[in-house]
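Shown next as structure tokens: one chain only, the form predicted alone.
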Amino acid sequence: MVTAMRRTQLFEIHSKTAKMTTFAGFEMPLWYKGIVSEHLAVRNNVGIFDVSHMGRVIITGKDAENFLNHVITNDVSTLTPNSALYSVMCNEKGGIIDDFVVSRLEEEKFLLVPNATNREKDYNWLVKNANGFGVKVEDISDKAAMFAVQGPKAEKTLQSICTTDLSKIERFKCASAKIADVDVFLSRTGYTGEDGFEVYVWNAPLEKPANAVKVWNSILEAGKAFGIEPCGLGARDTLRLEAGLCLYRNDIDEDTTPLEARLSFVVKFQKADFVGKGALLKQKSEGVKRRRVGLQMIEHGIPRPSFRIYDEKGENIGLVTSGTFSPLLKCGIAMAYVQIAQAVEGNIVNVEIRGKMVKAKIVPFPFYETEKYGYKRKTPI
């Protein structure tokens, strides 16, 4: 039986202008002009991504805060309305069900954004665990569109068509606004390492995509003065990898804990309880046996997922989970898990690439210089 591919509100636009691919059951743009040019547009100017294939779940009710604190590892009680945080959701064994951003829209209303591969799984898990809590869990993924406007000129691009003062929205803060006379929700978040906004177009169901199309076209038109490029999944992947951000099913999954993945900063053990807490406390006490690291190739070669990693004695010490050629660094980079004793910055290891041992160095995330690139950059644009 052949399963029909799913589409976003902008499929008709993408299919005419982009090289398409299949991801998480969706027909999505892989690239428009090219992965490298789109990647560099985001690092140096601004790019826009259609990320409507991701999920959007609204949690409301008097127990919304307590419920979320029970099912995720971070602490949503720290959120005020119009603020957001990054978190993971774990199973009872401490394995990561998904990673996502949670926004507090109102005192008793939250927005959770699952990865595209986990839309149904996350929703079902939330519903299952909602028993006993006074909450409503609603999947609005097909009722709203979602775009990511990323890069050092993202604010200038959006400000030219938005009446809300975007300079007052700090990182991981949010605001309701209008773009092209359409109601949107803006969150100063993203998946590229750069400054930028994720734009939620509320009234844009799949069967009536007019508002999504209007907002997309308006942002592209406004961004012409700032070098905007529409970007596909290819650049999204190289950008997130340069920034050291995990991709679910590659770098994290239900057999990986946040402590192994170097995501312990989103695990708040001081909370009374949350799913997976006991298993994570046990692992913390015993110590993790492997850890996620960054690899930058010293010798010529592009590391790919499942490539093996060896120490200087020739012993297998780990595995690559994500790898690519960095358009910015002009060399191969990778994310990998290695034995804890080897997970030391500056350590030289060998990656097996097509039967040859190629040298790489363990480096910190992100891969780029934060004073020159990314949301912390100090270099004027």
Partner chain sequence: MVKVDGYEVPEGLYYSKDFEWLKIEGDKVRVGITDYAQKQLREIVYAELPSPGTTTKQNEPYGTVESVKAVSDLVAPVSGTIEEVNTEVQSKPELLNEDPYGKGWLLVIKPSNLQAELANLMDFNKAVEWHKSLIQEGK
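The structure presented is a predicted model; accordingly, all values stated were derived computationally and were not measured. Numbering follows the first chain given and starts at 1.
Another form, the form predicted in complex with its partner chain, is not on view; read the next lines as being about it.
Stretch 34-42 is the answer when you ask which of 47-55, 62-70, 339-347, 34-42 has residues with heavy atoms within 4.5 Å of its partner chain in the predicted complex. Interface residue among L206, I161, I302, I140, judged by heavy atoms within 4.5 Å of its partner chain in the predicted complex: I302.
Using a 4.5 Å cutoff between non-hydrogen atoms, G332 counts as a contact of its partner chain in the predicted complex. Heavy atoms of K313 never reach within 4.5 Å of its partner chain in the predicted complex, leaving it off the interface. Using a 4.5 angstroms threshold between heavy atoms, D237 counts as touching its partner chain in the predicted complex.
The shortest heavy atom separation between K372 and its partner chain in the predicted complex exceeds 4.5 Å. Annotation for 321-357: interface residues with its partner chain in the predicted complex are T324, F325, K330, C331, G332, R354, K356 [heavy atom within 4.5 Å].
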